[in-house]
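Before any questions on binding or motion, here is one chain by itself as structure tokens, the form predicted alone.
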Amino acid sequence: MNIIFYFSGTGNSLFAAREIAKVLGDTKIAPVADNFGADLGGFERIGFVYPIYFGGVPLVVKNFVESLDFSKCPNAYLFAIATRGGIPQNGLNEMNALLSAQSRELDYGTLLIMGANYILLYGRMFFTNAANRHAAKVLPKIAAAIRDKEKRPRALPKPGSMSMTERARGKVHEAARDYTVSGGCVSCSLCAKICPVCNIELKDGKPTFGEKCEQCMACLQFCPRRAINYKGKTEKRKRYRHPDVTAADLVRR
């Protein structure tokens, strides 16, 4: 049996994980935030699919990998797929470094360009559909390589190359302080249900934000009334979600 751990705010990484699982067969797909300290014993292949945030691995994914005990799967084939809309920087290299700290390394790692979705900087990009079509085309080939246990390891990052990522991480949980909720909110609670790190709850029918924000923007992107925004920057920007992933697919079970 295989397992793929994923982190996804707008569906890109979940879509990729699903496509890989289709080819591998007998594969469990598990959200990162719900599986800290997961038992890795008995898995033939263990995968990590996640977006690149601030040039590196999302903080919640970093903390998740550090929570795992790889001694129970000494012969498991380890792979990672880092989805990206912008510059990749150390999105894969850092994952390899995290594994190296536990005396393991990636057997296979690849970057996958998909629809850019960081709405704090931009709205839906004009090349989004083309990027997602290309991803859908290459994913079966990536999956076949993983099925056949091909080797494509990645080098560790150069010393000091993670400085930008670490600076951004130091402030990432503060982002939720600057979310706003307009009068258009209808108290549907989708934002609370879809938040992958359980950082939102409704009080008096309106969402309130905690101190665990990962800036995945799921709450903002999926709000059916566009009632959630950020610092007055996003009201007019186009929303994004992967076309083959619904809100229901991302809602925590």
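From 1 onward, residues are counted along the sequence shown. Small disclaimer: the values here were computed from a predicted structure and weren't measured.
The same protein has a further form, the form predicted in complex with a small molecule, not shown here; the description that follows concerns it.
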### Message
Although the partner isn't part of this model, could you tell me whether Arg84 comes within 4.5 Å of the small molecule in the predicted bound form, counting any heavy atom of the residue?
### Response
yes
#### Entry: Gly55: touches the small molecule in the predicted bound form, heavy atom cutoff 4.5 angstroms
yes
### Message
I'd like to know whether Thr234 contacts the small molecule in the predicted bound form, with contact meaning heavy atoms within 4.5 angstroms.
### Response
no
### Message
How about Pro88 - does it come within 4.5 Å of the small molecule in the predicted bound form, if we only consider non-hydrogen atoms?
### Response
yes
### Task
Select, from the options 143-151, 98-106, 68-76, 113-121, the stretch whose residues sit within 4.5 angstroms of the small molecule in the predicted bound form by heavy atom distance.
113-121
